[in-house]
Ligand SMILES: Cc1cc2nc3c(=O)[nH]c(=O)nc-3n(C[C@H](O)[C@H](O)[C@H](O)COP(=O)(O)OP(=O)(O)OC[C@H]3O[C@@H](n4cnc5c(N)ncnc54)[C@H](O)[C@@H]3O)c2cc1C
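Before any questions on how it binds or moves, here is one chain, the form predicted on its own, in structure tokens.
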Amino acid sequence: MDSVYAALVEIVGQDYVSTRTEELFTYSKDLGTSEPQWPDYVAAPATAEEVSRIVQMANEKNVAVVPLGGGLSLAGLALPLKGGIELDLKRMNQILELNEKGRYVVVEAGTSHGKLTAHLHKHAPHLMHSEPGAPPAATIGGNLAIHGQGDLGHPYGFNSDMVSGMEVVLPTGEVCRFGSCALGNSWYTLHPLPDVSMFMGWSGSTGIITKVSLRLFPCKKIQEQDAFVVEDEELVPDILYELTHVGMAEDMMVVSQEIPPPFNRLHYILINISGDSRKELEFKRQLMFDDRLSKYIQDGTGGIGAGGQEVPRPVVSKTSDWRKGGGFEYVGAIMPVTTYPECYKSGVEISGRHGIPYTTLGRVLGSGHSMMFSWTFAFNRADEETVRHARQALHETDEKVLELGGTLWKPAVFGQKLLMDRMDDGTLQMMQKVKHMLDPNGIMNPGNWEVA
């Protein structure tokens, strides 16, 4: 194994390789309930060429490689389940191109969402990208590797729908580009070239994303949030249908949680709107509240909980640490909007059975085509009993998602196995062929999406 260490030092330099116990410990766990998994080495490359050389060496020596972004997936997706080299990509954090007229930006995959937001505020304040509801340290590449979603999900969809070009190091070490950039042109589109999107949603098990072009969208001068509140969960799908039909909101989430008390058993539909003038904002509000939601106000089943509040972009994770023990994990599911009532009731029931204050959240994706629904389970890291309850609640909720006709988003290994057990045989066989073709030696994030 010393030869692996020496090879890593030769590729990235002495300062960016470690086998020290205290540093390996840092990479052995994430914020969720997963058991610690120790890497044998940690390396931090600075370029796609260095990533390529490490992957080639790992194939020669049959050593696993696990790419790591911000380490914020919560579900153990970047833990070294079979040891090997943990590849920390956060040194690859350069913003390479900002094309204002073309509304796209090219970044290295280790660039954090917080850094990109700050860069746009300074250099192009009239443009924005879709931020996930995660801490600012979450990386662009990591978010795409799990089919991430963000606060422009309505009406634009997943963040992975907003990619205009991509550079990937394959599991055998080749560097490939996809989209117009593969022709030596600018990074403005993935289409209409043949679709070879085999890298998003695979949690790094089919390759390592090293560069990305992201679409940018108008950033209005004023951004505010309104809240519409109902007590009956059965009304939520109809209200979301009305709001998405208007098409004036920038982001829509539905929140219900046991703590703090004002949210308990109520459903807060949070509606982010933006405009370049007060006149524009009021026009949008009129279309939504006066034209579409007035019937709920008049019959007393719904009401405006708050209006016109200037709020920062939401960091959903801030709502979750009710145990004050530094731990939470959630099951994310992509559901039909119509399943919201049953999702909410299931979350309350499962949380209550495990003694966890319930937290449920749904974010509308793609004009109501689906909803990212999450059930969050908090735990105290110092109390193994609360960790056990949270882990069991996560497993029960994974099963409930499939029972309700949904699909799991960024599933941990337990959820991945549930999905593959139910998957169409032809689809599973195709996944096996893709994995074997790209990763013949099985070195890339082994343990995740083990279809072969």
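Quantities reported herein were computed from a predicted structural model and do not represent experimental measurements. Numbers for residues come from their place in the sequence shown, where the first is 1.
Although not depicted, the form predicted in complex with this ligand is the subject of the following passage.
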- Query: Each of 67, 70 and 363 near this ligand in the predicted bound form, meaning some heavy atom within 4.5 Å?
  - Reply: yes
- in the predicted bound form, does residue 248 have a heavy atom within 4.5 Å of this ligand? no
- Message: Is residue 135 near this ligand? Define near as a heavy atom within 4.5 Å, in the predicted bound form.
- Response: yes
- Message: in the predicted bound form, is there a heavy atom of this ligand that lies within 4.5 Å of any heavy atom of residue 330, even though the partner is absent here?
- Response: yes
- Query: At the 4.5 Å heavy atom threshold, is residue 74 in contact with this ligand in the predicted bound form?
  - Reply: yes
- Task: Please name which of the stretches 271 to 279, 351 to 359, 200 to 208, 95 to 103 has residues with heavy atoms lying within 4.5 Å of this ligand in the predicted bound form.
- Result: 200 to 208
- Message: Under a 4.5 angstroms heavy atom criterion, identify the one residue in 85, 89, 378, 163 near this ligand in the predicted bound form.
- Response: 89
- Message: To verify the annotation, which of these, 400, 410, 53, 389, has a non-hydrogen atom within 4.5 Å of this ligand in the predicted bound form?
- Response: 410
- Message: Residue by residue through 423 to 445, which ones have a non-hydrogen atom no more than 4.5 angstroms from this ligand in the predicted bound form?
- Response: 445
